[in-house]
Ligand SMILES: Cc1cc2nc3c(=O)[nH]c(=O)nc-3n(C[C@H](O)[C@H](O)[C@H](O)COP(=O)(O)OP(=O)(O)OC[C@H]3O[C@@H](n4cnc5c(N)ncnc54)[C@H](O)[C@@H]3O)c2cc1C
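A single chain comes next, written as structure tokens; it is the form predicted on its own.
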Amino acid sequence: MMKEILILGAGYGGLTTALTLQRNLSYNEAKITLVNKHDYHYITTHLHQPAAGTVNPSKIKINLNELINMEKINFVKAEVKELPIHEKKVILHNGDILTYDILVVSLGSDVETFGIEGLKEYAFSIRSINSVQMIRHHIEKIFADYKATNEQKLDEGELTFIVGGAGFTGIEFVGELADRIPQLIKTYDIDPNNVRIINIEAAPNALPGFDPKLVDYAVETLKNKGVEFKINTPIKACTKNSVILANGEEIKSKTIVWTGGVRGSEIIETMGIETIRSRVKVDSFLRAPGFQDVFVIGDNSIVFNEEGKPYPPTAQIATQQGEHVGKQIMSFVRNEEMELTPFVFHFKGTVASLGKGEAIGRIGNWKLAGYTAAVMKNIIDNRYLYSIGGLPLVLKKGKILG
């Protein structure tokens, strides 16, 4: 009897797992099912671009039927409701129940609010195609409405754009927003002195953990584009028209975009096992503790480095986890048992965009800044596109992501 492999989520980890199996298993070796709430995969690391309006959302979206061989993999467009893994089943929102021999959980993330009052109710977040479309339309509407009223509303923060969090997503978003704002100013004939972009970060530095000299370069580059920074300044609360900082300062704004953190999907809490911020502390083989048939990867997993510190959840580690799990499952399908090898993360470098033609990064021992770093980011993006869809996908999407 063919083994049933069930993969939940078509983000970086889940998709890479599915594609690894698709490339290496023949049609009759296993029954593979991929469940995802959308019929597309999107390039999460580029959500900041359509959010700012510098790229159309469709350009970072890839239909799964372009990537998945539907004769090898059964795709189910559905949303997962519960994961009672002690009963070896998955419950979908439509009431369907799926069973498995091997389960791969890669359901992505939810926004982490850190208990900040009003954040969930009043702030936008960059987390999906739908969410970035909302941000883009909101920003354009703010400019249009401001022009239509022909009034000065600086005391109401009408044209003040606040970005909470100066990590990767926050820095990349303000870089794109700083490129987009001049276009909107020109379109609606607005005095640029009336527009503010403010990046607020609770940590002592922007881009925590990044090389200090590269961080300085990034901050100066963005300041020259008009971005204001409030570092080492936690947000205490959000209201409909402002943010209140821990020092008591209130900044009026009708546009607050939160990029300050994520946690695992809340669905992980239904697994009936111990979790930390909706993430599972997996074993060295990426399995849920106590389960030989359940792998947990991507934003849903916690993996520790040699120093005992957790790796940050990134696309890079998720894709490596997906490939690793795919190879483990292949051994199970063909040999009736897992040929388990511990997962080892190989850090290949990281690059953060600062807007068009600007970036910072570290590749091996090289520290890059400016146009050179931007070119390297484009190479990294194209490498991922090639890994999932070959040259045709690079030719179709690669230039857009440059």
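Not measured: the values here are computed from a predicted model. So that there is no doubt, residue numbering starts at 1 and follows the sequence shown.
We do not show the form predicted in complex with the ligand, though everything after this point is about it.
A single residue from the set I116, I73, L214, I126 has any heavy atom within 4.5 angstroms of the ligand in the predicted bound form; that residue is I126. Of the residues K61, K31, K37, R362, just one reaches the ligand in the predicted bound form with a heavy atom at 4.5 Å or closer; this is K37. Not displayed here, the ligand is kept clear of A52 by more than 4.5 Å at the level of heavy atoms in the predicted bound form. Contact between T169 and the ligand in the predicted bound form is found at the 4.5 Å heavy atom cutoff. By the criterion of a heavy atom within 4.5 Å, V351 is counted among the residues contacting the ligand in the predicted bound form.
Within this chain, S242 is remote from the site of the ligand in the predicted bound form, having no heavy atom within 4.5 Å. Shown alone, this chain has one stretch from 286-294, 190-198, 270-278, 310-318 that lies within 4.5 Å of the ligand in the predicted bound form by heavy atoms: 310-318. Residues A78, E79, V80 are the members of 77-91 with a non-hydrogen atom no more than 4.5 angstroms from the ligand in the predicted bound form.
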